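Heads up, the chain below is alone and in the form predicted alone; it's given as structure tokens.
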Amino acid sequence: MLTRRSLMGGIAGAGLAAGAHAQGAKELTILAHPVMLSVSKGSRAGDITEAWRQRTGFNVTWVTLETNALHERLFREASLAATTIDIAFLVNARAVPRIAGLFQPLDPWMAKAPIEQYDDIFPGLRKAMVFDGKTMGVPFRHSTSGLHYNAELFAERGISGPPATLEEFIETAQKMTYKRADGSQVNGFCISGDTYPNIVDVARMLNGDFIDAGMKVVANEAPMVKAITLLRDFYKAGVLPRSFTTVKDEDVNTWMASGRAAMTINGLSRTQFYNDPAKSKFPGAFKVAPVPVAAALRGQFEVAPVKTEFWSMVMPKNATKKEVAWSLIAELASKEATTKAAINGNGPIRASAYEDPRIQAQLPYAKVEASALRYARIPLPAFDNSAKAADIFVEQMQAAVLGMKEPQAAMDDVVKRVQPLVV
């Protein structure tokens, strides 16, 4: 019987070997965010490329960059006559029709060597990577936000559980800003201050947005303005770190794992990092909960409609090892690889992964994530000028949080400058 594994193995063991000989060194290069490397080579379930590497004899070189630098490198490489990048990860906000021409349509490869039960991958993720009827990317990771909190630090302050409403969240963040008995300072709340998505998460507690699904810039409406005002007040009170505007996503991991911050809103899979004995001062102490919504919205939402983002695997059109690259893409999108990556901390892109006993047993946030996904939506619609719009938003948000502008004035400027960019 011709199974997917035998088909992929045949391609890998025979056709790819010949192709590799013709193309030179048996090396495949992946351009990725550091998180993709982490969940692909995690300690819990191991390296999800290992079986593929053993079958094919190919090595995998990971080139990792933060989000903005990654996409700048990707688009530059994909515009050349040829590139050494064989597979790259593309975030949903950058998946706009204009750049689709830089990447290889994947339908011919899917026809020759289909991905295992492709319809098991969440349909919204699959459909978002189809342009003019052509599949340009295969989803690999979604990240849906949740509230992470250090239960050990909470206990020190007499707090028994997570906040259930925005109002309780504010009180908790203030109370969790304190000095411990050893003199170390704890900030009640910490998120990245140099990007927009987690700012949107705060606004989502009020059902706010930067740009809505209808492509209207709504940053100066009450929910977002209230969220920026809250962050400004947190900054003044020392709830947020003084370095807030330079804190990056990966820095938040350090703040949480070291006990310098008590709460964050971040992708739920980050709890794996926070509780890792090799990386955390508080292994096992970190808990997750849904991001709370304002009390007045409890009739509309059970939990806040937080952000969900996703990354897809794409193949540059000018890549030179496409058959090899496709075989690895199919491997990484398989049910087993999806489950192993999820155990390593990835956001699984398959519905079946949430039913796997290994996921239920090892991922404490599975139920929380499932509840969040009922309401979650992407933080920003994809459009050609989204990166420029994001820079404007961050610039004005930071000015407001630092007290250089009033939140309403800052968000009014965002609307004035960004709306012309939205087409």
Partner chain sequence: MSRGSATPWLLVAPTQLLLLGVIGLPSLYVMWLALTQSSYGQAPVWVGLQNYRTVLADPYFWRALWNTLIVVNVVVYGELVLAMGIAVLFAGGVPLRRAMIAVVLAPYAVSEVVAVMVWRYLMEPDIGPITHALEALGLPGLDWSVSPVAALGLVGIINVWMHLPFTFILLYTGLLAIPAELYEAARIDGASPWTEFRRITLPVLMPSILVAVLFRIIFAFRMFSEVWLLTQGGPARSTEVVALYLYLTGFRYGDFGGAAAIGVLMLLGSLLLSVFWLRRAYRGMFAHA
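Residue numbers count along the first chain shown, from 1. Remember, it's a predicted structure, so these values are computed and weren't measured experimentally.
Beyond what is shown, the protein has a form predicted together with its partner chain; the following relates to that form.
Stretch in contact, per heavy atom within 4.5 angstroms of its partner chain in the model of the complex, of 66 to 74, 356 to 364, 34 to 42, 47 to 55: Comparing against its partner chain in the model of the complex, the contact stretch is 66 to 74.
Its partner chain contact at Thr84 in the model of the complex, heavy atom, 4.5 Å: No, Thr84 sits far enough from its partner chain in the model of the complex that none of its heavy atoms falls within 4.5 Å.
Leu102 within 4.5 Å of its partner chain in the model of the complex, heavy atoms: Within the cut-off, so yes.
Heavy atom of Thr29 within 4.5 Å of its partner chain in the model of the complex: Contact with its partner chain, no.
Ala399, heavy atom within 4.5 angstroms of its partner chain in the model of the complex: Heavy-atom contact with its partner chain at 4.5 Å: present for Ala399.
Residue among Lys127, Arg180, Arg242, Lys216 with a heavy atom within 4.5 Å of its partner chain in the model of the complex: When its partner chain is considered in the model of the complex, the option within 4.5 Å is Arg242.
Candidate from Thr165, Asn207, Thr229, Ser79 lying within 4.5 Å of its partner chain in the model of the complex - any heavy atom: Only one option qualifies, and that one is Ser79.
Heavy atom within 4.5 Å of its partner chain in the model of the complex - qualifying residues of 185 to 201: Result: Asp194 alone.
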